[in-house]
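To begin, one chain is listed below as structure tokens, in the form predicted on its own.
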């Protein structure tokens, strides 16, 4: 795991503004923090960047407990870059801004110039090398701030509301930059946003914060849906594909047409052979697309039109190991689905 948090709190002026009982963030993936203003997103990002110290609890990074008062903290900070919601650029050229952090790290001039050029190309602003930073638009400033972060080649990129207060065109560009940084550079990304649709489009995992605490719909497998008669929940899958899922009568959270969130509990979902095919909407065709193992379990990611994670114990996995590309049935029992 990239990060693991246990019983982490942050108290400010006598008020508990963050209270995380347990959270794991995976390495190499994109994680979105969802929540309203005051939900604790920025505070959590500050702690993940090791720029703020928890009032209690423990944070682990790459399997090692973090000592927020230890001498190793500076080295950890150099592996992680946080791009603020309102990034500040130095007066002067874009080149000066991008070179600053590299100079601090002792990077030689030739390598600095190479990294600056590469980072600007990545954000689509190669021609801005000698532009005055103070004359950039809001969207351009955010893109240059991302380039400045990428030039440092961080292991982790943290972004606080990266698309806030910019026009739609720049929003699209910024989302594409984050996607490329993760896919091409293998940078783990955690970003906060108010825009649920952006999080669902970009992130592998959604973490929802409310009042400083994790929502029970915060980990994985949260998808928006529209209620239909039946009762049935309809998820808009990839390629205009509709995923229709039967609901238990007592799970109906409103009248047809109502928008809801569905949480598929990865611990309670089951994978069955296609030979057990049933003509109902609680057994969905699912293609295995990824397998990830740790010491206690195997995570099987399947595609039903949207990606869904299923957790198998080592014993369950050993009895019948799924294979990448295999077509199975995803069994969604009543207890495996929550509607909100």
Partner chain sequence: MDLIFDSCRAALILLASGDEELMTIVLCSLRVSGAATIIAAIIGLPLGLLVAFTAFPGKRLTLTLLNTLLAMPTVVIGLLVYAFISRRGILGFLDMLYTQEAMIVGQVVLIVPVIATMVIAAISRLDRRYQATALTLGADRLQMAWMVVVEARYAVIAAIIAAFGRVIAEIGISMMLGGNAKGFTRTMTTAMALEYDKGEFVLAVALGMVLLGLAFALNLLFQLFQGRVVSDAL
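Keep in mind it's a predicted model, so treat the numbers as computed, not measured. Positions refer to the first chain, counted from 1.
One more form of this protein, predicted together with the partner chain, exists but is not displayed; see below.
J.: Heavy atom within 4.5 Å of the partner chain in the predicted bound form: which of 245, 177, 262, 82 fits that? Just give me the one.
T.: Contact check passes for 82.
J.: With the partner chain left out of view, choose which of 266, 139, 87, 212 has a non-hydrogen atom within 4.5 angstroms of it in the predicted bound form.
T.: That would be 87.
J.: Whether residue 101 contacts the partner chain in the predicted bound form should be assessed with a 4.5 Å heavy atom distance threshold; does it?
T.: Contact with the partner chain, yes.
J.: Tell me, yes or no, whether residue 272 is in contact with the partner chain in the predicted bound form, where a contact means a heavy atom of each within 4.5 Å.
T.: Contact with the partner chain, no.
J.: Contact between residue 51 and the partner chain in the predicted bound form at 4.5 Å, heavy atoms?
T.: Close contact exists here: in the predicted bound form, residue 51 approaches the partner chain to within 4.5 Å, heavy atoms only.
J.: Can any non-hydrogen atom of residue 186 be found within 4.5 angstroms of the partner chain in the predicted bound form?
T.: No, residue 186 sits far enough from the partner chain in the predicted bound form that none of its heavy atoms falls within 4.5 Å.
J.: Can you pick the stretch from 73 to 81, 203 to 211, 227 to 235, 167 to 175 whose heavy atoms fall within 4.5 Å of the partner chain in the predicted bound form?
T.: Among the candidates, contact is made by 73 to 81.
J.: For the stretch 127 to 153, return the residues whose heavy atoms include at least one within 4.5 Å of the partner chain in the predicted bound form, in the order they occur.
T.: 148, 152 sit within 4.5 Å of the partner.
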